[in-house]
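Below, in structure tokens: the form predicted alone, a single chain.
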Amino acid sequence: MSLATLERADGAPKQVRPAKPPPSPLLIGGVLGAVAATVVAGWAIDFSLAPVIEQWPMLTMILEEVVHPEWAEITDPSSRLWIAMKETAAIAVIATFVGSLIALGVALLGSKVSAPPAVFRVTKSVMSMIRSLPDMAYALVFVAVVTGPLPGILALTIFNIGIVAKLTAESIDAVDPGPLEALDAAGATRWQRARVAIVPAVLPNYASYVLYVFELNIRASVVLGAVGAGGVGQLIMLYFNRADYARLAAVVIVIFVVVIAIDLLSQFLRRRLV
């Protein structure tokens, strides 16, 4: 009879559940460390919920307006809201197309499989520099130079190059070396290797990355508009500065629905591609 069974009164073996092992010291230490880090961070910034409690009447008044959105903004196709949403979508589409197209070439230069060692190292360094700044920083730079939706397009394009190039370069590094060795044996050039073996192999993953950054661009373009980079973000700041919370709520509802719809569509397409 095994240690996990006991003899019942009728002679049949009775299964006994083994004792649950105690939590590991590493898990306990990690939880305690996370709690301690949170407490220290809150103490460092003097975190307190007192301002929220003190301003509760004002917050309640704002929430009363928010829960009664201006539905006319949503139902009217010619409203300022839908004009801004079209601009936001255009910014995301243009930035995704241009940025992802450039990123494919950068990824080929940033992989040790498809580029010479010197080019690979320089490109990797440049890609790291591009990713070191957030899209908001690029938007602030371009807003100081140009106006309209162009700052948002340029900021998101650079942001997309950094993300898509990095992910695609990692996919290139994982390409099956067999076809590449066969092409090298046949005397193929680097361009021919990339066109015949590398790009077709990474194309499904590349398409998935493009859809992913398109989702990010829809969300990011809303935020970039708040600093004057075009799109629905400018409308959000306008209604917020006017304290027009009913119209602001309508904008938030439309953004929420559009982002969820694009997210679901993108997930469906990525499952088909990869």
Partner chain sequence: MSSATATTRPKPPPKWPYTVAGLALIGIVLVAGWSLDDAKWERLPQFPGEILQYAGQMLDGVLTWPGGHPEGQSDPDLTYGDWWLQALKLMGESVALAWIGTCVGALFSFPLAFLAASTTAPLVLRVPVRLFFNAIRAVPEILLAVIVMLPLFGLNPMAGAMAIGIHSIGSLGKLTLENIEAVDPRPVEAVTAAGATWWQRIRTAVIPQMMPETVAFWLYRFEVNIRASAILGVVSAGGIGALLNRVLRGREWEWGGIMLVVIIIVTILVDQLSAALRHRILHGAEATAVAA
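Since we're looking at a predicted model, the values are computed, not measured. Rigid core: the largest C-alpha set superposing within 1.5 Å between the two forms. Positions refer to the first chain, counted from 1.
This next part talks about the form predicted together with its partner chain, which is not shown.
Proximity to its partner chain in the predicted bound form, defined as a heavy atom within 4.5 Å, singles out one entry of 102, 72, 146, 122, which is 146.
Using a 4.5 angstroms limit between non-hydrogen atoms, residue 265 is distant from its partner chain in the predicted bound form. In the predicted bound form, residue 132 approaches its partner chain with a heavy atom inside 4.5 Å. Heavy atoms of residue 28 never reach within 4.5 Å of its partner chain in the predicted bound form, leaving it off the interface. When contacts are judged by a 4.5 Å heavy atom cut-off, residue 82 does not count as touching its partner chain in the predicted bound form. For the stretch 231 to 265, the set of residues having any non-hydrogen atom within 4.5 angstroms of its partner chain in the predicted bound form comprises 236, 237, 240, 245, 248, 252, 255, 256, 259, 260, 263, in sequence order. Superposition of the core reveals a Cα shift of less than 2 Å for residue 67 between the shown form and the other one.
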